[in-house]
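As structure tokens, one chain now follows by itself in the form predicted on its own.
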Amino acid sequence: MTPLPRSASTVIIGGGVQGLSAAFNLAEMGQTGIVVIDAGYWQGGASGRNGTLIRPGFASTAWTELFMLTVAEWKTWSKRLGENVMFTQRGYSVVSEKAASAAMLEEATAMQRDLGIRSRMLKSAEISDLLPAINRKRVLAVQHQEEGGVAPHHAALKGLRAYCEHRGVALHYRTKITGIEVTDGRASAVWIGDHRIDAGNILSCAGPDNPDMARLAGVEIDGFGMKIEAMALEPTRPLIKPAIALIDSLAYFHQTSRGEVVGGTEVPERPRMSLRVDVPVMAEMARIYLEMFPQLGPVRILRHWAGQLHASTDYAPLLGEHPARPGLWFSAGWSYGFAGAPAAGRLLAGAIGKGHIDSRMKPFALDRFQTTGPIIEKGIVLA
């Protein structure tokens, strides 16, 4: 590992998909002197523990415009990074089991189509063709977004890391930030033990540790810790074509090219912050899988894991400079952080490197709860 520098143009805290996306975009813009610091090991955080599903359309304009950008960025990453991130646009289907969610999907589809997304409500015959193994007795309506899909996290992170290393971004894993220095009200440096790095800007992409990073700089950010769990089933014959969200059952999954069904079910848990998996959560996931796709009944569970995130109180990301601490930026509060990383990296790089606050980032400002108010988004799959 190269020695820690004494100064940096931008110090990025967190070397997962969010931090590396920001570093990639800053380096692509021509910025040098970028340093990424991560307390954990490579792919050890939420970036290596997620469901890898990606879609452009949600129920609110703010979310939809942000994720339209993220899908557009995902489509360019392989070429720009010089590595195959394996983004596959197999489509994304949102399944409704109740009248209220069906009505929400109808309304959201109209908004998405107005914005240019190839989104539609499926007719009965189309549901049978696209989801032949689903329990039709449980399905009231299905919205299908043609441009959605999946991207395995290991491929995306490998490509980001390779690009950053090639462009001279200094990556330091197993290195813990112990302090953030403030000079005349501005975040001006980070400390790793007794080593100081002078920083033009500091960007925290630290996932569940984002609130702690804010406190090191003497400020607070909105949100709370949350644990999510997922599992993979043993390989089986192809049963599920698109990525799927069961909006009422709070479940999401897809079938990999190897035949594994991978995904999770949102179940409120205590304690919130832990990497220990719980049998009741596994049982709930298995129950929903079995009820919605009965042919999965004989299939065994291959792996089961947990991850941690920091969610904002409206579950929307917190993007931008802290209003009370200039020089300290955040990509925090994410509940769809892996999927949204390409958009976040591009928008934050534009703000940090060029001083441009894009209109698609403005609704997600850290102080929105005191100014414009929370973002109401009914199309997410969260407990």
Partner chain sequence: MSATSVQPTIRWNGKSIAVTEGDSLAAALWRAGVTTFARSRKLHRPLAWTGAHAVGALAAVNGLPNTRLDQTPARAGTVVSMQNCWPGPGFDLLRLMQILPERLLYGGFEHGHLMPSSGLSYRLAERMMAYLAGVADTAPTGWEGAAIPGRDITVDHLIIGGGPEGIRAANAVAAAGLSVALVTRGRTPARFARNAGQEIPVLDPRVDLHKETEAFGGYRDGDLVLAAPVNGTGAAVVFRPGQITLATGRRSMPPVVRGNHLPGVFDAHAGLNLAAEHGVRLGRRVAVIGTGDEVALAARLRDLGHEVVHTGPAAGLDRIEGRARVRAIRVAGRRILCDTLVHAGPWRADPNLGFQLAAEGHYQLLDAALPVRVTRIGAATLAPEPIHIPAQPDKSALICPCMDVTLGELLSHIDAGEHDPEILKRLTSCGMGTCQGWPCWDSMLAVLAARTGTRPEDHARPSHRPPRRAITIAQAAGLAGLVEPDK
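Positions refer to the first chain, counted from 1. Only a predicted model underlies this, so the values are computations on that prediction, with no experimental measurement involved.
Just so it is clear, the following notes concern the form predicted together with its partner chain, a form of the same protein that is not shown.
Shown without its partner, this chain lists Gly218, Gly193, Gly185, Pro268 as candidates; in the predicted bound form, only Pro268 has a non-hydrogen atom within 4.5 angstroms of its partner chain. This chain appears without its partner; in the predicted bound form, the one residue of Leu81, Ala286, Ala102, Leu122 with a heavy atom within 4.5 Å of its partner chain is Ala286. Among residues of the shown chain, Gly51 is not one whose heavy atoms approach its partner chain to within 4.5 Å in the predicted bound form. Taking the partner from the other structure, its partner chain in the predicted bound form has a heavy atom within 4.5 Å of a heavy atom of Pro235. Remark: Ser128 does not count among the residues lining its partner chain in the predicted bound form, judged by a heavy atom distance of 4.5 Å or less. Contact check for Ser249: no non-hydrogen atom falls within 4.5 Å of its partner chain in the predicted bound form. None of 92-100, 109-117, 195-203, 156-164 except one has non-hydrogen atoms within 4.5 angstroms of its partner chain in the predicted bound form; the exception is 156-164.
Shown without its partner, the chain has Pro294, Gln295, Leu296, Gly297, Pro298, Val299, Arg300, Ile301, Leu302, Arg303, His304, Trp305, Gln308 in segment 293-315 as residues with a non-hydrogen atom within 4.5 angstroms of its partner chain in the predicted bound form.
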